[in-house]
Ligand SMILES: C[S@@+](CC[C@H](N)C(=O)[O-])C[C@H]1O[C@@H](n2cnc3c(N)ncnc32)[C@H](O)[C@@H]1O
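Take a look at this one chain, the form predicted on its own, written out in structure tokens.
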């Protein structure tokens, strides 16, 4: 199991797009990141691994608490951006590493991830390997999305354009997917099999600031979000109609402070058994 499909994806156009959208994504996800890092509460001198660290923002936040942080990811474009952004930070390092295959030493106190653990071909194998990096009683803290329908910041535009698109593939609960960990029983089973205990799920449902205005939201979601399929699959008048449908759906949520929509995520915590 080497997650080759995910490696190809995140080292191609997707990785470059996330680098280009890094500031927007960090601003969008900030309310969730802050809660998760506060819960993780890394202490000065602790050794921390940030799994799926992407462009490095959460790794840097953890390092500012005084911990020695190792950010790992499979995306070379995102890690190159992370290294450039945080060059010279003494207690922060980044490496290309596959969570399934990387050999760890059991001397880390915290394993953290912001939406980076839902994409494993074999999640049990991945979490078993990640468990080997933690000392006894080591702390696992990660964010994952609840059901797509509960995430208005994605589903409002997504539902509006669905009639114009080909039917989506049937969901595969065990396959890599942003919403693969929506089912708490499924995640509990994975973690139990992987050597974790005291598993807890806290529901986070903040309002996320999608954009300052309607056109900003459309531009953003055609880059990172449900409208990317519109640009990829549709052309001409049909494409224009789909985007107009998304504008109409999103316009209902526009406020004087911009476009704010509800998110729904699980904050998952567990202890190494």
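Numbering follows the first chain given and starts at 1. Keep in mind it's a predicted model, so treat the numbers as computed, not measured.
This next part talks about the form predicted together with this ligand, which is not shown.
Residue contact check for residue 127: none of its heavy atoms lie within 4.5 Å of this ligand in the model of the complex.
Heavy atoms of residue 42 never reach within 4.5 Å of this ligand in the model of the complex, leaving it off the interface. This ligand in the model of the complex is approached by residue 119, whose closest heavy atom lies within 4.5 angstroms of it. This ligand in the model of the complex comes within 4.5 Å of no heavy atom belonging to residue 211. Figure note: of the listed segments 200 to 208, 48 to 56, 214 to 222, 233 to 241, the one touching this ligand in the model of the complex, with heavy atoms no more than 4.5 Å away, is 48 to 56.
Of the listed positions (133, 97, 156, 92), a single one reaches within 4.5 angstroms of this ligand by any non-hydrogen atom in the model of the complex, namely 97. For the three marked residues, 140, 182 and 196, no heavy atom of any sits within 4.5 Å of this ligand in the model of the complex.
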